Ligand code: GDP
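In structure tokens, the next block holds one chain alone, the form predicted alone.
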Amino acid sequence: MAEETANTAEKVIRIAGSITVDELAQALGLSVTALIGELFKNGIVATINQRLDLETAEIMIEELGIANVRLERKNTATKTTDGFRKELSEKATPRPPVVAVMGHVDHGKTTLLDNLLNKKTVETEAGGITQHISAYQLEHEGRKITFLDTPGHEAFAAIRQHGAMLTDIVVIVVAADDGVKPQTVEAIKFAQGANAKIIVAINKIDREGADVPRTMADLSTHGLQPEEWGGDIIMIPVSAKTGEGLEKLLDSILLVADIEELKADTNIPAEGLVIESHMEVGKGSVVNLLVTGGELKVGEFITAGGAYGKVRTMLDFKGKPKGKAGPSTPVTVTGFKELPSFGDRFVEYVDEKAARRAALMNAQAAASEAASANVTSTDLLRMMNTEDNAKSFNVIVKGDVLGSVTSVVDSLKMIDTKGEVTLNVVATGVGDITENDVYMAAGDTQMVIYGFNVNVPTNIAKLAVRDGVVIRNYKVIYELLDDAKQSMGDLLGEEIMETDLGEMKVMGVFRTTKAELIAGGQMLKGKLVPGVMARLRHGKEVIGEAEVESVQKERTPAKELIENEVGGLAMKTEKKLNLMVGDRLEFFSREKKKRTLD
């Protein structure tokens, strides 16, 4: 419910994230009918219980012309965002730190982890860029550390944010020869928003042009003050390639973990987070989990969102069988009856009946929430700014795992079309392109099936060709997004571009017919050449346009007239134009140019 404070100058309404139409109407002193009517005018059919986010409520207040009212977001900092931060019992025991590795694309996050884990994954990642969250565990000084390798490309912001929210320590990797980049700043904000401790690994110190002090100075401008400069952020120069500094990095992680006194309860039902999920032939649902509390064992029943199942098999990050997994441990399990969603919280239940009941309740709650989904400011502005003749670009998105699908869809929705092209995500799914996907797209010339890290079976490809369905399959997300942006840009058609070239003051008019006009004058600015267009202006009034056929200077043909030169010109016209001495001729070029979304 909204909280209000009032004074003689301004009324402040504080809301916690969102507010219902009924609550906003009461706070503004309006009838619900009036507010619903105003929403309807802006393209939103709302109910009395429809929730509006803060930005949308602000827009509606502005549309209604209500002065002296200000909205504020109610402080909810004491509440948790992931459902796992809760009071520990006296029996809680130390647990391994969960460390997310973040930073700008190509700054060496995955290479650093490869060196620590003696793995080789860079070559297998499409484009050398991490595509999913990967979880690993290693031992240092007899203690375990769990690492999350999060994608670096901006399109995977949603995945990376989930990574931060379940993390104790964030290692931000910054290349010493490249410095702070936009995704570095994004990672800093995510880490700070998740209240995670930050350690900076200044990477690529072995490269020519590496400048550690400059990199530290760049980071300090974004609120990260190095310990060496009186701050509280550990910054360690490393080389992921040679291994220099990595031992010190691990020592620092354990030091921070000791200071934080990380603990978890093990005598409670197992709980954690779904990191990834996908289907495999012969295995069914394969789900990557991170245990955050309790101990997960083979044979136990668990629920994640609207999915439930019995843990049939459990493997560690190396693919070796594991009978049980305690806090901060990443595992891969099979046994879910359907795929849980990326980011879902999982919880252990005593038996299948309890797990099934919990999954059903979760599914019903999700359906109810979707039915009365919040109206966001983005939705409202798009509805207000989109014209009736806006083009539609319809897509079906298939991905290898749910996390990929989520990020592709979120990134597609972020493409700015200025309200001229509406993106409709018709369907999504995990797995290869299927016959049903093709049938769904058939008959819609503006629909594209996008595959991400999936296969297109030969028979499906032939079916698509027969039905005129476009399938585009990618392994690197920014290539997929570039394609979508290009496709939406193609729907915009062409626009007429005009370029100003020069101006002449008319000093004489020698012939005026329906098809031709010959005049002379002095160039005031720019340049005049044959073939350009001329706009004839009498004072502020435009009396017509003509095409310049030829130019003369000193009564002989000329290639051009430049500023301050005097000359004549012959123009082709479609009607008789009453040009007079003292009028102006404005010269310009006109061409059709394909519109883009840039």
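Under this definition, the rigid core comprises the largest set of C-alpha atoms superposing within 1.5 Å between the forms. In this text the structure is predicted, and so the values were computed from the model without any measurement. Sequential numbering from 1, following the sequence displayed.
Another form, the form predicted in complex with ligand GDP, is not on view; read the next lines as being about it.
Novice: Is residue 291 one of the residues lying within 4.5 Å of ligand GDP in the predicted bound form, judged by heavy atom distances?
Specialist: Taking the distances in the predicted bound form, the answer for residue 291 is no, it never comes within 4.5 Å of ligand GDP.
Novice: Taking 4.5 angstroms as the cut-off for heavy atoms, does residue 106 touch ligand GDP in the predicted bound form?
Specialist: Heavy-atom contact with ligand GDP at 4.5 Å: present for residue 106.
Novice: Given that ligand GDP is not shown alongside this chain, does residue 211 nevertheless sit within 4.5 Å of it in the predicted bound form, heavy atom to heavy atom?
Specialist: Outside the cut-off, so no.
Novice: Would residue 277 count as touching ligand GDP in the predicted bound form under a 4.5 Å heavy atom rule?
Specialist: No.
Novice: All three of 137, 247 and 252 touching ligand GDP in the predicted bound form at 4.5 Å, heavy atom to heavy atom?
Specialist: Verified in the predicted bound form; spot residues all out of contact, no.
Novice: Could you tell me which one of 240, 170, 270, 433 places a heavy atom within 4.5 Å of ligand GDP in the predicted bound form?
Specialist: Here the answer is residue option 240.
Novice: I need to confirm a contact call. Of 184, 203, 329, 303, which residue comes within 4.5 Å of ligand GDP in the predicted bound form, counting heavy atoms only?
Specialist: Among 184, 203, 329, 303, a heavy atom within 4.5 Å of ligand GDP in the predicted bound form occurs only for 203.
Novice: Counting only non-hydrogen atoms, which stretch in 331-339, 503-511, 203-211, 485-493 is within 4.5 Å of ligand GDP in the predicted bound form?
Specialist: Going by heavy atoms within 4.5 Å, the stretch is 203-211.
Novice: Hey, does residue 332 budge by 2 Å or more at the Cα between the shown form and the other one once the core is superposed?
Specialist: After core superposition, the displacement of the residue 332 C-alpha between the shown form and the other one stays below 2 Å, so no.
Novice: Note yes or no: does the Cα of residue 271 move by 2 Å or more between the shown form and the other one after the core is superposed?
Specialist: Moves: no, less than 2 Å.
Novice: Fitting the rigid core first, would the Cα of residue 178 be found 2 Å or more away between the shown form and the other one?
Specialist: Comparing the forms between the shown form and the other one, which are aligned on their rigid core, residue 178 does shift its C-alpha by 2 Å or more.
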